[in-house]
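Laid out below as structure tokens are two forms of one and the same protein chain, each shown alone and named structure 1 and structure 2.
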Structure 1
Amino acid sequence: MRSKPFLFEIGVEELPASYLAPYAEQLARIFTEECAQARLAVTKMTTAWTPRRLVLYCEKLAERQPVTEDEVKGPPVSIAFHNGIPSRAAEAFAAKVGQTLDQLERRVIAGKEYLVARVMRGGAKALDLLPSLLVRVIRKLRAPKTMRWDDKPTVFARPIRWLVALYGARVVPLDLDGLHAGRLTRGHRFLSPGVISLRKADYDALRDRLYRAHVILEAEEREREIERQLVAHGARPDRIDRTLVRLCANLVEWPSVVRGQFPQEMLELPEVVLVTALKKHQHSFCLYDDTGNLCAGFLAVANNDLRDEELIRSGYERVVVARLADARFFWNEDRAKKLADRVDALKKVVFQEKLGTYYEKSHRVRCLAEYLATLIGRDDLKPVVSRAATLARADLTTAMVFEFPELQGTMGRIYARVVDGEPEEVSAAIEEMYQPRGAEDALPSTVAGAVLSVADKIDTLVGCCAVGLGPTGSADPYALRRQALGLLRIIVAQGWHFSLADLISTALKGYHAPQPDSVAQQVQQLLHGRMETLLRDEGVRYDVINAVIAPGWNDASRVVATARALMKLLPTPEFQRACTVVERCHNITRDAEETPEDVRPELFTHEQENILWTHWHTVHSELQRARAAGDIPAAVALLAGEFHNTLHTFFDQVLVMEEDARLRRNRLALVRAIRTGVCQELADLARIVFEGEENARRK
């Protein structure tokens, strides 16, 4: 099949930096899907982007669809013709396949004669298919926020200003709401002398032509250029923020680094304030001396060629100095009042309309933190977590946090320690209460911080669910799933063993929920889902997840520890032998009648019943000790050892499904007791799946 290269460019007003890579990924994926639907073969696809363009290039795109001959079955001949006269069914079938009745064939299929048509499909040219295909691709692209412009039906993140669509040397006749594709692209908004005419679909030529027009097409190349210039202007390579480099590379088409200065007295600000003001608000890089201390300077990435470098530098310095001057004013102003004196002001700061103020939330969190300290056996932490919970939200009333909301908690720690002289453990817990803020964020490093963070998160989860603000489908406006996952990660990292149900029940006492049982169930379901997420993120197999969660997951640390241990034991023959113990018990009781919970030894009539029951009592006690010690390999060894043989001998010699109802029910109760006991003390091993298990397990 012959093919040609294809080049497609969507030219836009400047896109938000965070939209670019997702847009490019979608562009490649949707175009591939549409080509597959249109039966156009495509190979060697490349995407690139700048703030003003999305580019897709295919080295080979088939010139036309493949031609296939399909056999289409019609109605039976007995229905198609009556006394040799065509029926409406025959005529309708002929019209459907675009043939005359004389062209139709007859074929015996499964002993019955049918009308059959041979239909040629495909063969459409790519140039004929691409216009509508590309319109569908553009309209399927999604962004967090989109807009309409000029009353056009297409929605996009920013107005689309030009389109390039070249198939070989020919322009694809694409019409998007009156905007026609051509071969003209544009260089840098300010530095390019004019439009650029492309002769054919050639990615290397596009990249070179754009470079001469002051546009570096590939994001990776812009990142390398930014890093090179940063180092040339005095940045330490080990202190360059790569995340900020990627952001800046998506903000500019022609990066030029300029070095600016700010007054030395600004270094009196806490480092985190300086870094936040420069990096997050001005997208500028901090400078450090040889000892690792901040310098009174910064590096900014301009989207220009620095022909008038002094003018550009002074513009950056004017904005940066003004921002730092504001921060310095806030710093001096805030230190005039202690955090403890700000707590009452939280009575006027609303946490959530239906959940009251932050003052009320702080009280609930303090009570929960004290309860949790007792729960984990650390009553000595009560004074620390109580004080930290009281002060933790007070920085919300400071001017610094009002101006830099991302510093909430961080400024609380600084003000508590530096200004108020609070103990280090109290100050650290104030900041760590907010951790983890996201999936990649660090967990609290102190026990007090961990206690406070769990208390705060469980209060939020319970409160939001109590007033109907829980997550629904993909909507989770209060990020409760993230908070639930963070809560579980902290508990597991600390190795705490307590009932999550008890913690939820205690948290509910801080609210007046009309249906507390329903709220508790909703929170438990939310945590259950995040428990599965946590285990999946650790690489735990789905069947192992099902096995360890089945007995209950109230003790999160135990569930995760068991899953980790079972993953290591999976390849061992001992583990497979242990699984057969539970599997055989499960198979025989799965569809059996309900039985009494208690086993009655006086109804035993076979010696192997007594042997199995006696052996199980011993193994059960040892399983309980292994569980208490967290020794999963020892628990598996107990099942895989002599008890495995005892159980199999029992099944070989004793008829469990005895006709005598009393004996049958008692034997089923015995088998169920073993299955339930193993499940409670270890995991539901009947859920583990082995490759070729039907034969391999029995050996």
Structure 2
Amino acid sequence: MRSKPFLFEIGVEELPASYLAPYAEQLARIFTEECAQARLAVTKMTTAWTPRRLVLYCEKLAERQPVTEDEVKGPPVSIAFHNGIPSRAAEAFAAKVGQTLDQLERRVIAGKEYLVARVMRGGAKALDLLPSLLVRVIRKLRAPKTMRWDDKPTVFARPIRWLVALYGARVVPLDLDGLHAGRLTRGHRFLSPGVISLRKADYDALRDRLYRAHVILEAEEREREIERQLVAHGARPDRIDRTLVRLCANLVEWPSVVRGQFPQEMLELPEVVLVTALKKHQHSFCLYDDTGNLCAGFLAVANNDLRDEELIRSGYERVVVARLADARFFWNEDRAKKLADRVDALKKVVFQEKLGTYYEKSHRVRCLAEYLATLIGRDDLKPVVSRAATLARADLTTAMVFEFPELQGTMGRIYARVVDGEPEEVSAAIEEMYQPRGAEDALPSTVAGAVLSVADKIDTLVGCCAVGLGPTGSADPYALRRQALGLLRIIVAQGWHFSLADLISTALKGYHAPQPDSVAQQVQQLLHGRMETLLRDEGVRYDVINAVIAPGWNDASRVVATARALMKLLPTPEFQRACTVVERCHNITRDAEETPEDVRPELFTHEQENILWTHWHTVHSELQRARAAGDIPAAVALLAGEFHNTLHTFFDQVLVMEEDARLRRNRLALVRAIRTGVCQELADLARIVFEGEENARRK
């Protein structure tokens, strides 16, 4: 199949940095789908982007669709002809396939004779298919926020101003609401104004031409260039903020690093404030000396070639100095008042319209934190968590947090320490209450911080669910799923064993929910879902997740510990033997009738019944001991050992499905007791699927 290279560029007014990579990913995916749909073969596709362009290139795009001969089925011959005269059905079919009646053939299909037509399909030219295909691709690209512009109906994240579409050396005649594709691209807006004419679809040539026009086409290349320059200007390679590098690379086409200074006295500001002010608000990098301390300088990434470096530097310095001067003003203002004296002001800060103020929330969290301290057997922590809970939100009323909201908690810790003179454990807990802030973020490092964080999160979860703000489908406006996951991660990391249901019902007491039971249920579902997420993220197999969650997931630490242990035991023969114990019990009772819960030994008629029942009693209490000790391998060994044989002997010698209903039901009750006992003390091992077994089990 003959093919040619294809080059496509969507030229835009500056796109938001965060949209670029997702747009490029969609462009490749949707283009591939559309080509598959249009039966055009594509190979070796690549994408690239800058703030002003999205580029797609493929080395080979088939010139034509493949030609295939298809058979189209028409009416049955019995309907197509009456006494040898063609009916209207026959004529209509011939017209539909564009053939004459004598070109049609006859064929027997499923015992009946039909008219059929042989039709050649495909063969359309890429150049004819591409214009509408590309318009569809553009219309299918999605972004978080889109707009219209001028008097056009087109919708995109920012106005599209030019299109390049070259197939080989030819322009694809594409018309997007009056914007025609051509061969003209553009270089850097300021450094190389004017257009660049491309002779043919050639990615390397495009990249070179753009480079000469002050555009580095590939984001990774711009990132490398930024890092190289940062280091050349004195940044320590180990302290370079890669996320910021990636952001800057998506803000410029021709990155040039400028080094600026600010007055030494600004270093009196807490490091986190300096870093935030420079990074978040100026996209600038901090500089560190050899001992790891901040220097009174910064590095900014300009979209320029710095022919007049001094001009740009002095501009950046003025902005940075003004920002830092503001921050220093806030720092001085805020320190004039203790956090403790700010608590009352929280009565005016709304947490959530239907859930009252932060003052009220702080009170609830304090009660929950004290309750939790008792629950984990750490009554000694009560004074610390109580104090921390009281002060924890007070930094919301400081000027610094008003200006830099991302510093809430962090400023609380700093102010608690330097202004209020609180002990380190209290101030640390204030900051750690917010952890983990995301899936990647660290968990609280102190127990008091962990207690506070769990208390705060359960209060938010319960409160939001109580007023109907719980997550639905993909909508989770209060990020409750993230908070639920954070809560579970903390409990597991701390190895706390307590009942989540109790925690939920205690948290519910802080609210006056009209239907506490349904709220509790909603929160439980939320946590249940996150528990599965947590296990999946750890690489736990789906059947193991089901097995460990089946007996209940109220004790999160136990569930996770069991899952981890089972994953390790999975390949061992002992584990497989242990599973067969439960499986045999499961298989025989699965479809059997209801039975009373209690086993009545006086109804035993076979000695193996007695043996099994006695043995199970021993094993059951040993399982309970193993559970209390958290010794999963011991529990598995118990089932795989002598008990395994006892059970099999029982099944070999005793007919469970005995005709006498009383005996039968008693035997079923015995087997059920074992199955539920193992499930409660360990996991529902019947859910474990072994390789090659899947089909056999389904029978």
Partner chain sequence: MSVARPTLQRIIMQLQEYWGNLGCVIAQPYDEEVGAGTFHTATFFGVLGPAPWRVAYVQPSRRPADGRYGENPNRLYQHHQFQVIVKPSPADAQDLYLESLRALGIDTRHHDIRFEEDDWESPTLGATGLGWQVLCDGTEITQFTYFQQMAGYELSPVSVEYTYGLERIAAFIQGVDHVMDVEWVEGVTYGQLRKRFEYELSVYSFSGADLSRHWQLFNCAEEECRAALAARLVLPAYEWLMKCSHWFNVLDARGAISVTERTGYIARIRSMARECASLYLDGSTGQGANL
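Here, residue number means position along structure 1's sequence, counting from 1. Rigid core (definition): largest C-alpha set, two forms, superposition within 1.5 Å. In this text, all values refer to a predicted model and were calculated from it rather than measured experimentally.
**Student:** Where's the form predicted in complex with the partner chain, in 1 or in 2?
**Tutor:** If we ask which form is the one predicted in complex with the partner chain, the answer is structure 2.
**Student:** Is the C-alpha displacement of Leu485 equal to or greater than 2 Å between the two structures once the rigid core has been superposed?
**Tutor:** No, its C-alpha moves less than 2 Å.
**Student:** With both forms fitted on the core, check whether the Cα of His528 differs by 2 Å or more between the two structures.
**Tutor:** Stays below the 2 Å threshold, so no.
**Student:** Given a superposition on the rigid core, I'd like a yes or no on whether Asp102 shifts its C-alpha by 2 Å or more between the two structures.
**Tutor:** The answer is yes; the displacement is at least 2 Å.
**Student:** Core superposed, what is the CA shift for Phe93 between the two structures, in angstrom?
**Tutor:** On core superposition, this C-alpha lies 4.3 Å from its counterpart.
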